[in-house]
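Only one chain is included here, represented as structure tokens and corresponding to the form predicted alone.
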């Protein structure tokens, strides 16, 4: 188990370093250079040369990458001339809001999807099973922006129950302390996750119920409730945890869309606004931070995978 976790940790480090390299190279491959992207198309050659000299862009590429790499532990992600402050100073105000939004949505999705999957197994072949399956397929196929727009029309414009978007100056934890304005973003992001997870939970639990140890437990006189919750459910959760780790990139990308639809002041909206304003340092900085957060989330999912069933032994080499 320790060897497996060590290998996964080393893999995570390699992935992060690979992303750092790609982000750095992309910043140097901007048409016209970083100076043109920052200073605009009307910048004179003299201004561009001075910008390159001040920012060390005249040095060899490997030297620039080394300086960029050693600056990351100090959170030096560049400087945003649109916001007139360091990139990290901008990100640190938005990142907690996205983490709270994604975390709340994932917890809500798991809290609903797992019981739904269990209910479908218990009532397999009945009308409720088919109805839940149909709803899951519809939600799974529905784009995040479309579902968010529908909620705005129904709950904000028609019913006038909820505000269209949260206040831009709300604290990161306003999702919990003043949830009314955040219900629709959380529901939109959670609904898409529930649709996928409930289907996988149903399939995984059905597979577990067909195993030999389940038949043995039934033969020993164990009740259906004990067989389901005491034996099958725990093993059925293992693929769900794996799915959670694999789904994190999709959940994070969904958060980008949801934040744009609801004008939620998180990392996703910041990335979209930066792309619209050609704020390249912000785009690259948010890309790097979101990727690192996704890798860390996948690593945590691997740790949870072990905790759910400590009997698992991992083989293979790095």
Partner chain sequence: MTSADESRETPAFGVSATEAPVALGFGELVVPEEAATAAEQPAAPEGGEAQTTGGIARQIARVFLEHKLAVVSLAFIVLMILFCWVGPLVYHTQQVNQQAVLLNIENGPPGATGHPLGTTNTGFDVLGRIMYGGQVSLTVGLLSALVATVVGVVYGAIAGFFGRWLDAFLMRVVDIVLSIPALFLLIALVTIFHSSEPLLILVIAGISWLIPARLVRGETLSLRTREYVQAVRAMGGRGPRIIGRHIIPNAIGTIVVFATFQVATSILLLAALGFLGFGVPAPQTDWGTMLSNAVDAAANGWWWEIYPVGICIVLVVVAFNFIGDALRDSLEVRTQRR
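All of these numbers come straight from a predicted model, not from anything done at the bench. Residue numbers count along the first chain shown, from 1.
The protein also exists as the form predicted in complex with the partner chain; that form is not presented, and the subsequent description refers to it.
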Three residues, 18, 267 and 275; all within 4.5 Å of the partner chain in the predicted complex via heavy atoms? yes
Candidate stretches 49-57, 287-295, 64-72, 36-44, one within 4.5 Å of the partner chain in the predicted complex by heavy atom: 287-295
Touches the partner chain in the predicted complex: residue 182 (any heavy atom, 4.5 Å): no
Residue 253 near the partner chain in the predicted complex, any heavy atom under 4.5 Å? yes
Against the partner chain in the predicted complex, would residue 192 count as a contact residue? Criterion: heavy atoms within 4.5 Å. yes
Do residue 96 and the partner chain share at least one heavy atom pair within 4.5 Å in the predicted complex? no
Picking from 174, 209, 243, 112, the single residue whose non-hydrogen atoms come within 4.5 angstroms of the partner chain in the predicted complex is 243
Using a 4.5 Å heavy atom cut-off, which residue among 213, 229, 130, 145 comes into contact with the partner chain in the predicted complex? 145
Which residues in 140-166 have a heavy atom within 4.5 Å of the partner chain in the predicted complex? 140, 141, 142, 143, 145, 146, 149, 150, 153, 154, 157
